[in-house]
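The chain below stands alone, shown as structure tokens; this is the form predicted alone.
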């Protein structure tokens, strides 16, 4: 095993990458609230894995979508577990990403020099909402149908471009086969690709800029910095 790791390290520098990501110095005062981002990433990985297994049995057509879900739940080995993880993981991901955003706001971690990190995080929040909206239609039951009808009607009320958004979302004037196929493609292809890219960028920024400390500790650090600066000035005058 060590030989394989050394072989990879000589060619890819895996030990250096491991050290940069997992062996970083962490500021004092970091607590469980700072794990919300990692928890969200963990849930996203679960969603991706369970989603791939579900896609093997799901049929994105109005005639077979609901039946394929029932087949997964009742016939596929561990199908009920996998769909349950995916279903509840979607709700958990929304809750975690909102809590993570609130923590950033309360701690003031969106301020200089982390504004770009905050913007990327907001984009990820919108992508999570996009996952929830597009995935809700896929079971193609009555609740999903009418919830999506209401959601797309809301998009249609946007001034000037509402009509275009409504037709673009549904693929026509009413919900149908094209709507389901479009939502499935967005849910399985477009959103995951964008999310993986923005997650990689977000993690790079967090590693590059470091984790912001709580406000109380930041104030103590500033007081210590001012004291050191003042001491140096006094020594310089002597």
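Positions refer to the first chain, counted from 1. Quick caveat: nothing in here was measured; it's all calculated off a predicted structure.
Omitted from view is the form predicted in complex with a small molecule, to which the following refers.
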Quiz prompt | The single option of 206, 186, 177, 194 touching the small molecule in the model of the complex, heavy atom within 4.5 Å | solution = 206
Self-check item: Listed residue (201, 41, 59, 49) with a non-hydrogen atom within 4.5 angstroms of the small molecule in the model of the complex
Solution: 41
Quiz prompt | Touches the small molecule in the model of the complex: residue 85 (any heavy atom, 4.5 Å) | solution = no
Practice problem: Decide whether residue 122 counts as a contact residue for the small molecule in the model of the complex under a heavy atom distance cut-off of 4.5 Å. | Solution: yes
Quiz item: Is there a heavy atom of residue 70 no more than 4.5 Å from a heavy atom of the small molecule in the model of the complex?
Solution: no
Quiz prompt | Partner contact for residue 172 in the model of the complex: the small molecule, 4.5 angstroms, heavy atom | solution = no
Quiz prompt | Proximity to the small molecule in the model of the complex (heavy atom, within 4.5 Å), stretch among 134-142, 147-155, 161-169, 107-115 | solution = 107-115
